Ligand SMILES: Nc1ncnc2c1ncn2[C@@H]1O[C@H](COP(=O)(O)OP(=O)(O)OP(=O)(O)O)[C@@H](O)[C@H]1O
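Below you'll find only one chain, the form predicted alone, shown as structure tokens.
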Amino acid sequence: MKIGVVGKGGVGKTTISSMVCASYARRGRRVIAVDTDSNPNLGISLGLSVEQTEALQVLPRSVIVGERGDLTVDELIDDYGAPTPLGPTVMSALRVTEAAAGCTCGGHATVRSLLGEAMEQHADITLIDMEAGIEHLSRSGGTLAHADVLLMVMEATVKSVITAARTIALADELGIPHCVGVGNKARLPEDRAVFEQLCEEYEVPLLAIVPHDAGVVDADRGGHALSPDAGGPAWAEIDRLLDHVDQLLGSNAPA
């Protein structure tokens, strides 16, 4: 299963990405998490230290992944993946380290190549935590063109839901089969009504509403792992989200 996590800046994509990855790993799935943010932090949320996250080698720009390309998937995982305390293997696809260094198109091409390669022997779940916005869907070929499902993370605002609606239109052009909305940081019950109203108005299929959770906020503030062992309302909703996604895609991976 290949999952892309997208959304407007600040909606909590990396938080949701790490929770989805950790929850799948807890279910016994082999998970590869790819951070495509030019300011990567996914490793921290999965339990790596700041220093370990900074030390991740960035995937080579424009490398073609596969038996006919520059690297096999095995080589890519061995050379550029890092196991995390919460179970998933994390990779960093992009990093901006200097001003005026040029665009990051090469890194996006590498991610597209990775998703295009058959990953079934290497991971049950490959999740791509995308940078903010929708520009990555308009690149030549689309960075996420080979994704099975997009999780469109939203806050309870018109701008955030409109971004999800625009994402659906682009994903349809790329042939991505499933796009689902994931409300985040919801102050219940008021925000639930807002999400339901806006998603109906802009025709965004709403699959889950992750509530505001003090434990998640504390983990983000402290820069430490978001462990599902902590429990809480946000983790319970993530578990329900995974059940829905598995059902949507007919997953038969081990639970």
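One-based numbering along the sequence shown. All values derive from a computational prediction rather than experimental measurement.
Quick note: we don't show the form predicted together with the named molecule, though the next part is all about it.
- Interface residue remark: residue 241 is not counted as part of the site for the named molecule in the predicted bound form, having no heavy atom within 4.5 Å.
- A residue is said to contact a partner when one of its heavy atoms sits within 4.5 Å of a partner heavy atom; residue 211 meets this definition for the named molecule in the predicted bound form.
- Using a 4.5 Å cutoff between non-hydrogen atoms, residue 216 counts as a contact of the named molecule in the predicted bound form.
- Within 4.5 Å of some heavy atom of the named molecule in the predicted bound form lies at least one heavy atom of residue 132.
- Looking at 25-33, 194-202, 216-224, 50-58, the stretch with residues near the named molecule in the predicted bound form, meaning non-hydrogen atoms within 4.5 angstroms, turns out to be 216-224.
- With contact defined as any non-hydrogen atom lying within 4.5 angstroms of the named molecule in the predicted bound form, the contacting residues in 14-31 are 14, 15, given in sequence order.
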